[in-house]
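For reference, the chain that follows is the form predicted on its own, supplied as structure tokens.
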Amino acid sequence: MQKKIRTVIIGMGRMGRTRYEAMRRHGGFEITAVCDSRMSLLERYPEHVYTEWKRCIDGEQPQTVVVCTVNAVIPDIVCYALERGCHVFAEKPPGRCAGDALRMKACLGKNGGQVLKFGFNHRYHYSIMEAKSLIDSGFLGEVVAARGVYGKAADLNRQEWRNNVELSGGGILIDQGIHMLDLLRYFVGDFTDIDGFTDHLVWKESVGEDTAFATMRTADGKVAVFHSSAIQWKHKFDLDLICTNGYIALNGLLTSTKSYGEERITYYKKDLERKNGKIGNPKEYTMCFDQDDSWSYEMDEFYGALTGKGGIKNGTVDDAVAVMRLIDTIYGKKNGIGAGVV
């Protein structure tokens, strides 16, 4: 029989509900309680309900705590749960800055035996997994450069927590751009040199930025270019991976909004001998996906780590620290700091 892991979920907004459904589908998580400061979000759940997260953790004494709150309180809840012997799954971003991520890493280090995973969900999309398998196979050689664009339409004057920098830590960069930065690290490697900035190109009065740009380089000379935007108006996800022997294009992404277009991966093997006709026109291979099982795959990995069947490969605390350092560096450019080293 499948081992049941006693679990509570803190924060029952959209992501809390998404994780709740994924864990229910999985079957290995016994959700004993849900918690949110807004009682109206808890009324439909049959589990125990709490409006204070400390009371929830202390009262339920769970094996695992799932944290789906605003960014500002994630480090407090994660560390509180780790100190009480709980395993933790926390949403991204891992706090509001690299210091928050480092605090959680230090807490994990003091409480050995616990599992801590962060929800960098995009790594589990079919197109991303296919691209990683293709690169790891060596068929197209190694990645030497990448371009990532992730943009949406957003009203930065709207009264919500993501537009409150005290709660979120920033604007579109930390909210959505963090996913693309994580993928660029995933495919290209750790960036040591970065030059970037954020700006208010349309939403002049908003506190959080509507645009972020960066150019990044690894120690061995691989390069990535990044653009995150809240003023794309037509939702867009594009990631190009340039390899020594070919090229991969990732376009579109299946999300709950269904607004980023069809999710697909196209790859090309370089053809300098013109076997397919004119140079620069190699054969094209495309795969399209009409299903998003990323939430389930993410829970599978987490459950495997909890039950000793595997470790955390994606969304580790080191991933969290690394991507938050990139974000801190890009935000630093806004304050007049020159091109820096992470």
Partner chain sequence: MLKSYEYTEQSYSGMHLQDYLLRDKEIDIAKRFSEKYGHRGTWTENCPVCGRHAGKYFFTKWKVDYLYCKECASIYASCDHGLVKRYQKEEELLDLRRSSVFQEEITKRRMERWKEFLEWMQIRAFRFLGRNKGLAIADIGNRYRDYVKLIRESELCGAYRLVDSILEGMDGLDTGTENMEKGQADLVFYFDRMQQETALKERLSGISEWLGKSGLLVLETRAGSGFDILTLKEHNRKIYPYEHVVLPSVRGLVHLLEENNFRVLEITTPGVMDVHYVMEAKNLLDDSGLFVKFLMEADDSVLQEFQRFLQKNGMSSFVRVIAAKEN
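This is a predicted model, so every value here is computed, not measured. Positions refer to the first chain, counted from 1.
Below, we refer to the form predicted in complex with its partner chain, which is not included among the displayed structures.
- Query: Looking in the predicted bound form, any heavy atom of residue 283 within 4.5 Å of its partner chain?
  - Reply: Contact with its partner chain, yes.
- Query: Does residue 290 reach its partner chain in the predicted bound form if we count a contact as any heavy atom within 4.5 Å?
  - Reply: Flag for residue 290 set to yes.
- Query: Is there any non-hydrogen atom of residue 83 lying within 4.5 Å of its partner chain in the predicted bound form?
  - Reply: No, residue 83 stays farther than 4.5 Å from its partner chain in the predicted bound form.
- Task: Report whether the minimum heavy atom distance between residue 243 and its partner chain in the predicted bound form is within 4.5 Å.
- Result: Judged by the heavy-atom cut-off of 4.5 Å, residue 243 is well away from its partner chain in the predicted bound form.
- Query: Just one of 123-131, 226-234, 244-252, 186-194 has heavy atoms within 4.5 Å of its partner chain in the predicted bound form; which?
  - Reply: Heavy-atom contact with the partner occurs in 123-131.
- Query: What is the one choice in 147, 103, 217, 264 with a heavy atom within 4.5 Å of its partner chain in the predicted bound form?
  - Reply: None of the others qualify; the residue that does is 264.
- Answer option from 136, 160, 205, 155, heavy atom within 4.5 Å of its partner chain in the predicted bound form: Selected residue: 136.
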